[in-house]
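Before any questions on binding or motion, here is one chain by itself as structure tokens, the form predicted on its own.
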Amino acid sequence: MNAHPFHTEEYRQALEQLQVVDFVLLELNLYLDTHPWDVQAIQQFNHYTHERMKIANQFQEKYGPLQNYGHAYSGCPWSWIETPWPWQV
């Protein structure tokens, strides 16, 4: 019997990788709110933004949408009804 993809270690590692990049982006965003002219921080922010888009696209192609309302494509059947959602893991 095959495990549901949401219960695999690979799924959890992919989600954790995305969460790590999200944390880095949040911290950079907060830093840049008080240091808006820090070119190196802006470059890091842009780098990790690109990485997040890449990781999110790979995750969504394999496991389904991370967000609703036009932030991700859906296959057929409608992907959004699959559970658990990323924040439920």
Partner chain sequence: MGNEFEAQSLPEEGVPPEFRAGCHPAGRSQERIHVPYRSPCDPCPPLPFKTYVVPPNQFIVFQPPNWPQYPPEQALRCGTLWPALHSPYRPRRGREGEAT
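All values derive from a computational prediction rather than experimental measurement. Positions refer to the first chain, counted from 1.
The discussion below concerns the form predicted together with its partner chain, not included here.
Subject >> Contact at 34, 43 and 47 by its partner chain in the predicted complex, all three, heavy atom at most 4.5 Å >> reply: Each of the three qualifies.
**OP:** Mark residue 10 yes when one of its heavy atoms lies within 4.5 Å of a heavy atom of its partner chain in the predicted complex, and no otherwise.
**Re:** Residue-level check for residue 10: no, no contact with its partner chain.
Original post:
Can you name the residues of 11-38 that have a non-hydrogen atom within 4.5 angstroms of its partner chain in the predicted complex?
Top reply: Result: 16, 19, 20, 23, 24, 27, 28, 31, 34, 35, 38.
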